[in-house]
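One chain comes next, on its own, written as structure tokens: the form predicted alone.
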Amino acid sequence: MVTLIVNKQELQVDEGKTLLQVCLDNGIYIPNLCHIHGTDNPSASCRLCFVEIEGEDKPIPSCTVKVKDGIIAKTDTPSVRRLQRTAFKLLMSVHRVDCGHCPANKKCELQRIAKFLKVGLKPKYLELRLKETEVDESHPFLDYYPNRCVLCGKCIAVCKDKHGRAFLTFAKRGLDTVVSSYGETDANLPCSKCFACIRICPVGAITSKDSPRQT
């Protein structure tokens, strides 16, 4: 066991966990999109889970910090909130906000984060930059919505964990980055009985072809 202090609250926790997981386990919410419980190799891609740690010269992602004795952390300082709001607004500048037609509506992590940070889902003063393709229907069992996707990588990670290899991957670069299925068309893919990628997606970017299309 190790002892640390978060927001002036003393916590005694098991070694080996990340600071983000410890906070979430103890009812201290930190905005996050790419975190997967129990993962040993966090992607730290969403840049939302910043905290301030005594002795560090700037806020750092809490998913990359392994807890140890004596850590003193703050999750709610002005600098932390400023970084989180900036990251969130940039993320939403490439996101199609159409909650009424999205299967994740009212259980979407973006909605939760927006409410927590007290920011709108449609950022002001930032140009909306969307991908041309609204829905990729090339997979035999899944439909993928690039303009909903937040590129958290959860679908890829859970696919690899379930099947020993990922049948999904990131493709392209920069603002054009998407989740791809390697051009798979095989009807014998394990996807037909799995759908773990759909369940773990925080924003409804992957759906089953058997689900009613919301338009």
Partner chain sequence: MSPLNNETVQKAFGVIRDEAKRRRDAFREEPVPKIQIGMATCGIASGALETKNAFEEVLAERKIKAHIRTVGCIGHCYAEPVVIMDHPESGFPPIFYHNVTPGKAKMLAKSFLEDGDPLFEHVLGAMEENDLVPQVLDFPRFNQEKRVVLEKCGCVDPEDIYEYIADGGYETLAKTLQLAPNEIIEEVQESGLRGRGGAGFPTGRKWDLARNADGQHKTVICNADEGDPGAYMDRTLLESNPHQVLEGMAICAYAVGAQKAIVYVRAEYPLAVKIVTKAIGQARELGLLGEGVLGSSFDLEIDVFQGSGAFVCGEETALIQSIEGNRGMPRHRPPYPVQQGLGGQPTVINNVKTLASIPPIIEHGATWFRAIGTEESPGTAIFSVVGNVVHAGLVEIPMGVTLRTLIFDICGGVPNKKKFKAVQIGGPSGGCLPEEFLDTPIDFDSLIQAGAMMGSGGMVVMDEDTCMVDVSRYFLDFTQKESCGKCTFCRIGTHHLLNTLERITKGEGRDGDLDQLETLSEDIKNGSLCGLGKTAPNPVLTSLRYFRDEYEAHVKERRCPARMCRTLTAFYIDLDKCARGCDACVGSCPVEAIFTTKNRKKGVDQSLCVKCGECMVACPAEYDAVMKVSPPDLAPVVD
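Residue numbers count along the first chain shown, from 1. Just so we're clear, the structure is a prediction, and the values are computed from it rather than from any experiment.
Keep in mind that the form predicted together with its partner chain is not shown, yet the notes after this line are about it.
Student: Could you tell me if Leu175 has a non-hydrogen atom within 4.5 Å of its partner chain in the model of the complex?
Tutor: Residue-level check for Leu175: yes, a contact with its partner chain.
Student: Could you tell me if Arg47 has a non-hydrogen atom within 4.5 Å of its partner chain in the model of the complex?
Tutor: Residue-level check for Arg47: yes, a contact with its partner chain.
Student: My question is simply whether Leu151 lines the interface with its partner chain in the model of the complex - judged by any non-hydrogen atom within 4.5 Å.
Tutor: Output for Leu151 is yes: heavy atoms within 4.5 Å of its partner chain.
Student: Given that its partner chain is not shown alongside this chain, does Ala104 nevertheless sit within 4.5 Å of it in the model of the complex, heavy atom to heavy atom?
Tutor: Answer no; every heavy atom of Ala104 is more than 4.5 Å from its partner chain in the model of the complex.
Student: Heavy atoms, 4.5 Å, its partner chain in the model of the complex: which of 83-91, 112-120, 69-77, 132-140 makes the cut? Say which one.
Tutor: Looking at the partner contacts, the answer comes out as 83-91.
Student: If the criterion is a non-hydrogen atom within 4.5 angstroms, does every one of Thr64, Tyr125 and Phe170 touch its partner chain in the model of the complex?
Tutor: Answer is yes for this spot.
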